[in-house]
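Encoded as structure tokens, the following chain is the form predicted on its own, with no partner shown.
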Amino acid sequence: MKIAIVEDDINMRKSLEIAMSDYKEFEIQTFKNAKDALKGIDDSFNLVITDINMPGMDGIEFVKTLGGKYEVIIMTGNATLQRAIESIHLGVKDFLLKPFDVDTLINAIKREDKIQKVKKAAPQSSSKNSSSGFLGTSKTLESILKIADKAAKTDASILLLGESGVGKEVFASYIHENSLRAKKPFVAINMAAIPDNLIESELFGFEKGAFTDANEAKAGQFELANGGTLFLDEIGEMPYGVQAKILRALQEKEIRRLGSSKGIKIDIRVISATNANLNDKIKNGEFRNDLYFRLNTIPINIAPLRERKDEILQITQRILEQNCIKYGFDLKKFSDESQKQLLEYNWPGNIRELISVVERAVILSEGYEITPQELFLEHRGLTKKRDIAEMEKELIEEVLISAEGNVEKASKTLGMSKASLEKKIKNYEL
């Protein structure tokens, strides 16, 4: 297994090099900062282990730049709960707090090594990813779907709001499938995943010779979605210069390929989504007010998983069954204590995190029954000494500090109403 370790502290870096030299099954290469690592990491690496607080580019930004190409373990000496949540949103599997002994790190690496080997050995399936579709139900979900059902019958633009990992693309697909455009294309594009210099050509297409390497004409996402639904995810990350062109396309119902003087009429329904606070981005001059109102005809707030507790064990069972079939295991089950932990944990990464945790537990568990130790939720903030209320208090306190005491701003960051937050502030005596 080839591993990249990114650590700016020379003493820590050298200590890890020496300690891990005893493990001949691991090939280690260290980097003193994220920028050096980006230059030196190639497809031969299986795992990246990185610090968070580093000069130049920090670990969170580094993981974002990697774009999910590598599995990542985060290590840090002064982590906050908020930073841990950020890393979980990015798909980080393990979060180790310094100081830790080498055995803790080796165990995390071996877990990841086993997961990668099982995944490689599994037969490739052409079916949809297990995260597609609603995997459970709850009263909260049903109330959100009632709004979605009403909105689906119209042609109005819809803005899906909610934390990362709550299933915004699933909702967008559901709305499309229950709309009058259901038989036409559903095209999803993640605005945060496209480099700024390519986003315009990706959205609007280009003609042959429009720029270097444009060897043939290509239709953009707006054209491909014609007659159907275009889902724009992570719109808060959209470059400001592109926003005016998208607004014009929506107003005039016409786009123009790069390198063309001819307009192309389009008939699409736009659903957009974000986990960012667009009002703050508008105030900071990062998002156009007129585009916001164009996209926000019908806003739908999607509740986080911690407010949809009834779905947790339902989703767990579905993902458990799917992964046992996928990896060729006999059907396993979660012990009563494991199920209790699944319900107690706060799920800051929402459904996406739950799916990841269940898949990992299925692969790593040795027996028929999956134990709490095989969930590894302690690394994510669930410990015997700290209950959910204590974790929630810490998170609220951190967000309030970040928001400089602005309760309204903090409530939006936390994804709860101002009244609920004020009540919790009073209960926790913050």
Ligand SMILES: Nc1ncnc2c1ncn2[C@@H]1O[C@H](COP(=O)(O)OP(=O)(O)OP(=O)(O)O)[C@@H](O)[C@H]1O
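Residue numbers here begin at 1 and follow the sequence given. All figures in this text were calculated on a predicted structure; none of them were measured in a lab.
One more form of this protein should be noted, the form predicted in complex with the named molecule, which is absent from this view; the next part is about it.
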- Message: Is it the case that Glu311, even though its partner is missing from this view, gets within 4.5 Å of the named molecule in the predicted complex, heavy atoms only?
- Response: yes
- Query: Can you check whether Ile315 is within 4.5 Å of the named molecule in the predicted complex, heavy atom basis?
  - Reply: yes
- Within a 4.5 Å heavy atom cut-off, is Lys168 in contact with the named molecule in the predicted complex? yes
- Message: in the predicted complex, is there a heavy atom of the named molecule that lies within 4.5 Å of any heavy atom of Leu342, even though the partner is absent here?
- Response: no
- Partner-contacting position among Ile268, Ile351, Ile175, Ile74 - heavy atom within 4.5 Å of the named molecule in the predicted complex: Ile351
- Item | Heavy atom within 4.5 Å of the named molecule in the predicted complex - the one residue of Ser201, Gln243, Gln221, Ser164 that qualifies | Ser164
- Spot the stretch among 328 to 336, 134 to 142, 101 to 109, 258 to 266 with residues whose non-hydrogen atoms come within 4.5 Å of the named molecule in the predicted complex. 134 to 142
- Task: Using the arrangement in the predicted complex, list in sequence order the residues of 266 to 288 with any heavy atom within 4.5 angstroms of the named molecule.
- Result: Asn275
